[in-house]
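Look below for two forms of one protein chain, each set out as structure tokens: first structure 1, then structure 2.
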Structure 1
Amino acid sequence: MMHMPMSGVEMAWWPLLLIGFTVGVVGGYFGLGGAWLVTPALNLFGFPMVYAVGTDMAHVAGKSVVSTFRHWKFGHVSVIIALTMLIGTMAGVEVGAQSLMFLNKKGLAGPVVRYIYMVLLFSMFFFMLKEYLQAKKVEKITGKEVKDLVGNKVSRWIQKNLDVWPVIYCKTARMRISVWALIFLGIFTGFVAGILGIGGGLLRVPALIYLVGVPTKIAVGTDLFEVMFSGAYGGFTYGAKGMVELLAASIMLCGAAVGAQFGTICTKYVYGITIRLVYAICCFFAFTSVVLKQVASGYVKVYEKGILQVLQAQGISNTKAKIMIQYPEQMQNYMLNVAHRPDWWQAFQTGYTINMIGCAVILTAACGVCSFIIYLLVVGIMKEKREKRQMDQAAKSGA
């Protein structure tokens, strides 16, 4: 067990290394920061939620450097698109965060965030899976393998009709697009990310594919370039607030740096359409996890208001009380021995169990996807080596 100096938590090093590795593989493959995976995973292993978000942000700042470096070498990064979108993203995230604070004051933040999440995740799952199945149908009819889909009606409409000066030429994706279209897109994805309290990679990758019309691999690399900046900003703000456990972030980065290499190199050996299929599967599991959270929130309503009043009567501040209601041991004591409310304790246990099942669902899915990506990587490397050997033999026999 290791002592975390900032939070005072005792935690083993291996779950941190494993979480880092898994999120590194998945993030490098999809172009995501991975907050949707790290936060519940850390929480599941007993890491306090308040430090989980900040620690995740800090490790993303380092991990995205590793992934972006590799994607950039492969030629998957469009710096001009990423930097232009970043302008809109920063503005959008700020407006989104302010909207979240407003919703929080009204007591609506939790359900609104979860419903937006559910709609987005299910739409992405449904749309990407439908597209993959259609591509497979085309493959059967034409007998030609479909490797990626580039652009659609919406992206071509944006490129043609939103042709407002200044227009930039992206050499990597070989396309022309108005700066305003990219900034607007950045504002939109940033706004939703700000409301959801995430980095935004989950939205930017589909937005780049379907609205800008770049190939899947360029969407992944370009998004990671942006994640590098959002991670650095998140690391700074959470670090200044004392919510970053640097020791945990460093251990996670060790695992993530290795995992990110695997995930990123794998994109070289798979087609864009395969990346979209795995993305759709991930969206489905994330959707299931959010649905379970929404179900659990129904049980929270039973005791939350009452137990907060009890804790405040004991001289505990509201902020501290909100943190305390996440810990079962403390809640058992206060609900049964202080408040004498076994019904609260029962609701707490049910809600807590459902929440943990949600965390386990997302973690299991991530481990499965991670194993599948490593399998694809091994197959790809072996195929490349076999082809190289055959070429060498052919060259020798020719000589």
Structure 2
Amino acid sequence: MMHMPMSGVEMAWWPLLLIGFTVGVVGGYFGLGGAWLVTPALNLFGFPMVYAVGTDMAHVAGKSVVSTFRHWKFGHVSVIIALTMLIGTMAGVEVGAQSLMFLNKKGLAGPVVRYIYMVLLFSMFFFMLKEYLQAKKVEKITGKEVKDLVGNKVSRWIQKNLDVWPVIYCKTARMRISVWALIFLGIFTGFVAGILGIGGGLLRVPALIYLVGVPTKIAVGTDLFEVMFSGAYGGFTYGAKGMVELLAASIMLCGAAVGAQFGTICTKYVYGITIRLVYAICCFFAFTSVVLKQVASGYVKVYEKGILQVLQAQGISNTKAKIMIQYPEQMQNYMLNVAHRPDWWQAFQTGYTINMIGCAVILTAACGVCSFIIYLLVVGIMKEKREKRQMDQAAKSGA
């Protein structure tokens, strides 16, 4: 077990490495910083929410550098869109971070962040799954394979009616868009990034797809390019406030740097519509884990205030006491032998069990999706080699 000096959490190194590798694969595949998996996972492993948010922000930027480099080689990065959005993103991240600090002081950070996560995750799951099923229906009717869905009524309306000067042309995405539309999008997604402790991709990738009309793979690469900057800024903001566990972030980054290679290269061999399907599946399992965490928080309310008073009466500081209530061995002693409150201990056991189930759900799902992405990568590489051999044989036969 390793001691985290900032938060005081005790944690083994291997879950951090596993989280980093898994998020690297999944994040490189989707174009996300991966905090929609990391922040809940760290929180479920015992990190107080504000430390989970800050620590993830610190590791996001480094992982995104590796993924962006690969996407750049594939031609999936629109620099002009990313840099324009970045103007609004920086302001949004700071407002979001300050809002989280305020909520943390009021004791509301955990519930508010979890409810926002639940709404966003379920919305993304519903809309992307619906879209995938509609695409498959079209395939069945027309007999033609749907590789991606580019643009919709909303994105076309925005491009046509919000054509306010200055307007930029993106050669990579083959489209025109107002600078103001991108800046506003950056502010909104930056705020989400700051308050949730994510690179913003959870909302920015769908926003680029559905509001701007960017093809899926370009949305993935463009988001990762911006995450390098917004994640670095967010990490600096939280680090300055003493909310970053550098040890945990460094271990996760080691795993993510390797995993990102697999996830990013896989996008070369799959269609955009497939990326959206896997995204929807991940959102569902992440949503389930956060719901379980929220259910567990109801049991925490039964004993939290009382046990904190008991611990402080024993001469333990409030900060240390909030960390201690996350460990079963210590709580069993204080709740049963010091406070003589078996009802507190029963509530603690129930909440702790639900937390562990949520932890198992998110990590199992993430590992499953990670394995599926690697499977798609292997299949894609084998198909590419097979087609190359066939072309070589055909060329020899023609000669």
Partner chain sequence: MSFFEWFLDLHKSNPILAGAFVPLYMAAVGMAFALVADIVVRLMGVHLGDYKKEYDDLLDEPAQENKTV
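Basically, rigid core = biggest C-alpha set you can superpose within 1.5 Å across the two forms. Values in this document were obtained by computation on a predicted structure and should not be read as measured data. Residue indices: 1-based, along structure 1.
As summarised for this chain, the second structure is the form predicted on its own, and the first is not. Core-superposed comparison between structure 1 and structure 2: the CA of residue 240 exceeds or equals a 2 Å shift.
Core-superposed comparison between structure 1 and structure 2: the C-alpha position of residue 250 differs by no less than 2 Å. Comparing the forms between structure 1 and structure 2, the C-alpha position of residue 14 differs by 2 angstroms or more, with the core used for superposition. At residue 99, the distance the Cα travels between structure 1 and structure 2 is 2.8 Å after the core is superposed. Look at residue 55: with the core superposed, its C-alpha moves 4.5 Å between structure 1 and structure 2.
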